[in-house]
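First, one chain by itself in structure tokens, the form predicted on its own.
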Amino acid sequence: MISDVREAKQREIKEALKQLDSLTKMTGLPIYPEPKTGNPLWSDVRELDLRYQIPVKRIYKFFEKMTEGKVMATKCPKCGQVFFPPQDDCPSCRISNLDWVEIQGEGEVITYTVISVKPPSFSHYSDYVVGIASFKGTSVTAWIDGPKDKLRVGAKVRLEVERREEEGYITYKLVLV
């Protein structure tokens, strides 16, 4: 499924680059109008196709627990600081092997933004909302789902794990309550 999305995006990108090349030849500048606003955009002629890998052995439990529907953070047993996304080292106490704690209950939206100009990998989605919520002082950044009329700073949210079918992987989101 993700390969279908990727192939469709590659075709769109290839077509857009072809049009940009034509426009650049006509005007002498790699500048084109942004489709929604018409504002001029510079398009670099260099291309970058990036897929990175990150070692996750020390925080693998985070991903394991998401398959069980839980969102986990790590907590320093010495100073009590909670880390999300989880990390296995406390920079203040300089110790490793932190404790695991589940982020539960309701959080509160601290800030949010509506994403209308999307990266190519999410361009197949309608406009979506990304926000930061506080769960007892631990900040979580994620997509926010729920009725737009309930969305405001201070709104209550809970964490929910879901399989994002378009990409074929499990992730978490904030859901307005």
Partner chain sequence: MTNVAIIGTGHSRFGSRTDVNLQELAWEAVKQALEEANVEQKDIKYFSVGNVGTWSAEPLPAVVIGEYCNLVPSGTMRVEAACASGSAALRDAYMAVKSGEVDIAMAVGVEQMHQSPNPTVVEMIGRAGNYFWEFENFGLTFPGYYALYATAYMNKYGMREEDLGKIAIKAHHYGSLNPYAHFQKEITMEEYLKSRQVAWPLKLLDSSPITDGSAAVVLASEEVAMKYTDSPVWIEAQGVGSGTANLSRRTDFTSIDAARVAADQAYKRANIDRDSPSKMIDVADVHDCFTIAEVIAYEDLKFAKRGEGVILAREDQTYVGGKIPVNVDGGLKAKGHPIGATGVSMAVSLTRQLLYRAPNKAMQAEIRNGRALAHNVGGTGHYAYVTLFSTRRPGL
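In this text, the rigid core denotes the largest set of C-alpha atoms whose superposition between the two forms falls within 1.5 Å. Because the structure is predicted, anything quoted here is derived from the model rather than measured. Numbering follows the first chain given and starts at 1.
The protein also exists as the form predicted in complex with the partner chain; that form is not presented, and the subsequent description refers to it.
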### Message
Only one of S126, N39, T27, T67 gets a heavy atom within 4.5 Å of the partner chain in the predicted complex. Which one?
### Response
N39
### Task
Give a yes/no on whether F135 approaches the partner chain to within 4.5 Å in the predicted complex, heavy atoms considered.
no
### Message
Check P85 for me: does it contact the partner chain in the predicted complex (non-hydrogen atoms, 4.5 angstroms)?
### Response
yes
### Query
With a 4.5 Å heavy atom cut-off, would you call I31 a contact of the partner chain in the predicted complex?
no
### Message
Please determine whether P120 contacts the partner chain in the predicted complex, using a 4.5 Å cut-off between heavy atoms.
### Response
yes
### Query
Going by heavy atoms, what in 144 to 173 lies within 4.5 angstroms of the partner chain in the predicted complex?
V153, R164, Y169, T171, Y172
### Task
Please check if E12 moves between this form and the one not shown, taking a CA shift of 2 Å or more relative to the superposed core as movement.
yes
